[in-house]
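We begin with a single chain expressed as structure tokens, specifically the form predicted on its own.
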């Protein structure tokens, strides 16, 4: 239900040698939110994503997804999320059918479900006629569509996006925005990391602003605009970052 915490960052620190990438980050994201996570390059957005998806461990602190700790229950956490990076890695020698079948089996979907979901999602992303082509001939944007399908086909409770629209054409971006709105309406939770402020402004219910590894603002788009008396979110965020310099 709305208001139920689904993602929790609890006093997260992350150090790379002498560099502190994240500094005491605390954040809660509720069920049904499309939550924007924004900041300049190097702010710590991708580091946060890697921690949430279990790719790296925090130096200190913990993160919970659907009540499960990324440190003590990593497999359960990974089973409940769909992750879309800016540029996902695929096995280029495989076809979408072969690759997505393997992904479905990793998530323990039945063979019947896999055979149904793959053509349905390929049709949605206008790739039905390329189901058996080797992906080595696909463009970046076409590969990114397959990455989207791989993240969605097990119907995860939480979607974690790191610049997921990279390489997509205008029509597919519109489809992706519709999907985000639909999933949020169904009670799923979306954590959307991006530097594209105009997209965040249109699709996100709330957002957090990260600057040099620290959270410097959390609120709705309207609250973030009002914070600096700005007409646009971009103007408000620019002022916020300047104030932190």
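Source: prediction; values computed, not measured. Positions refer to the first chain, counted from 1.
One more form of this protein, predicted in complex with adenosine-5'-triphosphate (ATP), exists but is not displayed; see below.
- Looking at 172-180, 199-207, 59-67, 34-42, the stretch with residues near adenosine-5'-triphosphate (ATP) in the predicted complex, meaning non-hydrogen atoms within 4.5 angstroms, turns out to be 34-42.
- In the predicted complex, at least one heavy atom of residue 195 sits within 4.5 Å of a heavy atom of adenosine-5'-triphosphate (ATP).
- Not displayed here, adenosine-5'-triphosphate (ATP) is kept clear of residue 53 by more than 4.5 Å at the level of heavy atoms in the predicted complex.
- Although the partner is absent here, residue 21 is a contact residue: one of its heavy atoms lies within 4.5 angstroms of adenosine-5'-triphosphate (ATP) in the predicted complex.
- Of the heavy atoms in residue 28, none are within 4.5 Å of adenosine-5'-triphosphate (ATP) in the predicted complex.
- Along 167-194, not one residue places a heavy atom within 4.5 Å of adenosine-5'-triphosphate (ATP) in the predicted complex.
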